[in-house]
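In the form predicted alone, a lone chain appears below as structure tokens.
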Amino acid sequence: MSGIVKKESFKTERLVIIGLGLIGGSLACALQKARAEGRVSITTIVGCNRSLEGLKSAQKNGLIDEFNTNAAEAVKDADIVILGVPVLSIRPTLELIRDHLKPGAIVSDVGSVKQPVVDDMRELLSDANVHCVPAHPIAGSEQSGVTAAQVDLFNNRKVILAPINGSSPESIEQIDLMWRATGAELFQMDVSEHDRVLAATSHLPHLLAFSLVDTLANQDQGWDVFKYAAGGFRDFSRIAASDPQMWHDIFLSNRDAVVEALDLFSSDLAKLRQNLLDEDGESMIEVFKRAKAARDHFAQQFQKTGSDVE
């Protein structure tokens, strides 16, 4: 993974965000702030959602300048199109807009899985005379929807770019300048490596949180368990409040890498179970020591960059 350092400012005429949820809404909010501070030059930010009320609210609150519930109409004359929809909705969205994109337009996304997005863009947009620069902002919240948008959501967060072969250097530069204007740190990463790393560090923890909370809730004394839960459980289980549809899409889209990470974790968990049965405290404490050392190192790295540890 290589870092990207740029000094220029972001400039574009018409930027369209399809899917004005947490990520799309936060991107719009951050760019509006950057525009108000004179750090970027954007003529028009357009929001596109199925919910008309959500779009009206976003415009009223200053996140977007214009809105449209029709994606095909929204992207006409767009210089940049950001797909903020769930991963499994990216392909049907591309099918809707591909014949309406102007030549030279840049198409990007915010999905947590990159291989299927890259494959769909290659297949559906190869003849569209556009530039495809898939991206993944590693930021989020258990909250969802445009009402959860945060102006500083991407500040000191990593954004990974996975540009498709054939996309111009100028289009790649535009997308990394756009994200940098939100306060993010930019990197480029191989697609398969991205999906493997995110499966282990993001997708697996979410899967475990969903599973644990569901398991405890289905116990006879389930609600009593939650009543007396300590801070550690609340911190870990917080991500189980994330958008179920979004994570359904992520898990299925990155199935193989998630299963690989889950199998490795299950194997190590089985060893700990056997350590308990054998009362092998020495082996257990070695695992705990290694985990603590790794976590402490991880926390120090984030402190150096000024980022929060999640």
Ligand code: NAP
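Quantities reported herein were computed from a predicted structural model and do not represent experimental measurements. Heads up: residue numbers just count along the shown sequence, starting at 1.
The same protein also has a form predicted in complex with the named molecule, omitted here; what follows describes it.
- In the predicted bound form, at least one heavy atom of Ser51 sits within 4.5 Å of the named molecule.
- Although the partner is absent here, Ile250 sits close enough that one of its heavy atoms falls within 4.5 Å of the named molecule in the predicted bound form.
- For the chain shown alone, His136 is a contact residue for the named molecule in the predicted bound form, at least one non-hydrogen atom being within 4.5 angstroms.
- The closest heavy atom approach of Gly145 to the named molecule in the predicted bound form falls within 4.5 Å.
- Using a 4.5 Å heavy atom cutoff, Ile18, Ile23 and Val110 all lie near the named molecule in the predicted bound form.
- From the list 164-172, 183-191, 72-80, 89-97, the contact stretch for the named molecule in the predicted bound form under a 4.5 Å heavy atom rule is 89-97.
- Proximity to the named molecule in the predicted bound form, taken as a non-hydrogen atom within 4.5 angstroms, holds for one residue of Gln150, Gln115, Asn155, Ser141, which is Ser141.
- Shown without its partner, this chain lists Val40, Val46, Met246, Cys29 as candidates; in the predicted bound form, only Met246 has a non-hydrogen atom within 4.5 angstroms of the named molecule.
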